[in-house]
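Only one chain is given next, in structure tokens, and it is the form predicted on its own.
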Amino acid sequence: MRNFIPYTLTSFGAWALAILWISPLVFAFWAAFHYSSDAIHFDLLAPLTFENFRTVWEQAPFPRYMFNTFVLVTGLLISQCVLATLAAFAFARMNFWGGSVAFALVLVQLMVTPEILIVENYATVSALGYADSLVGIGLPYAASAFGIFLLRQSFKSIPKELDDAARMEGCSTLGILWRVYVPLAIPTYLAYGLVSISHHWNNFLWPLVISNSVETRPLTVGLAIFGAPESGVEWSEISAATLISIAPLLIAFLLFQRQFIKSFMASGIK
């Protein structure tokens, strides 16, 4: 009985938070299949319609937005994994002058929000000639301090004896990294990949600042045209456009949620 009450309160709190968290998504899913007048009045018996999806698909080049977003998140994930792997291995297994200071500077980056650096990043990217391009959108995020920290912790947990055994077999330093450390850190890569893809798929402010054309605009910025207050807000159309934007991530998560949860548990990400 002593443990039953705290357990019940914890379960109730968890369910309450879960319902609170998922309620906007449920409403968006419901509103996307109803006319705006029915969505505003929350008429549960209103007829279903696919008209909102047809309207938003004709009003915005969603295939182009999806292609831009896919290229952006894929390129960022590859560059972040390569740079984070090299940096993490150096911090975890190599002794060099200034290594502790360099790693402390990497950790400082975790404490600085990207929004603070928007003006400086815009000036730098513009000076390099990458304004209004996918390279310009991804350049400030090519190296991830979070990825370096996460992989360093994973690499440090790998027994040092495996290094010696691989060297005795004739492996070079890069060979050891590729054949020993990377395979053993696969759960960490999967967990980090999910965090990176979801973050950059939903990133809005920086792409809004640096992109000016349809050719470079990602989904989140393209979605903003449906929320212009001066032209009136059509909640059903916004909901339909939102579902189109998040559909790839949502489907991927539903299909691989068991693997994702296992990767998160193995890597220690909360």
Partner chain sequence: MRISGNRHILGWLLISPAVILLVTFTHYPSVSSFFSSLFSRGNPIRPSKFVGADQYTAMLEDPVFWTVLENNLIYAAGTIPASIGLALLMAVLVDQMLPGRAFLRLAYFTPTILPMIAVANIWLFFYTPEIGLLDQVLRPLGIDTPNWLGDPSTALWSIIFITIWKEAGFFMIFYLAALQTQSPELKEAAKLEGASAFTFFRRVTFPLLMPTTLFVLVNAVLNSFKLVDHIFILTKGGPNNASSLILYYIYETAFSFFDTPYAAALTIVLLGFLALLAFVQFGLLEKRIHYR
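Positions refer to the first chain, counted from 1. Superpose the two forms; the largest set of C-alphas matching within 1.5 Å is the rigid core. Predicted model, so just to flag it, every value in this text is computed and none were measured.
There is another form of this protein, the form predicted in complex with the partner chain, and it is not shown here; the text below is about that form.
Heavy atoms within 4.5 Å of the partner chain in the predicted complex are found in one stretch of 70-78, 150-158, 85-93, 179-187, which is 85-93. Although the partner is absent here, T49 sits far enough away that none of its heavy atoms falls within 4.5 Å of the partner chain in the predicted complex. Interface membership of H41, defined by any non-hydrogen atom within 4.5 Å of the partner chain in the predicted complex, is confirmed. In the predicted complex, the partner chain sits within 4.5 Å of a heavy atom belonging to I116. Mapping the unseen interface onto this chain, W235 counts among the residues with a heavy atom inside 4.5 Å of the partner chain in the predicted complex. Once the rigid core is used as the reference frame, the Cα position of D43 differs between this form and the one not shown by 2 Å or more. P159 shows a C-alpha shift below 2 Å between this form and the one not shown [criterion: core-superposed Cα displacement of 2 Å]. After superposition on the rigid core, the Cα atom of P114 is displaced by 2 Å or more between this form and the one not shown.
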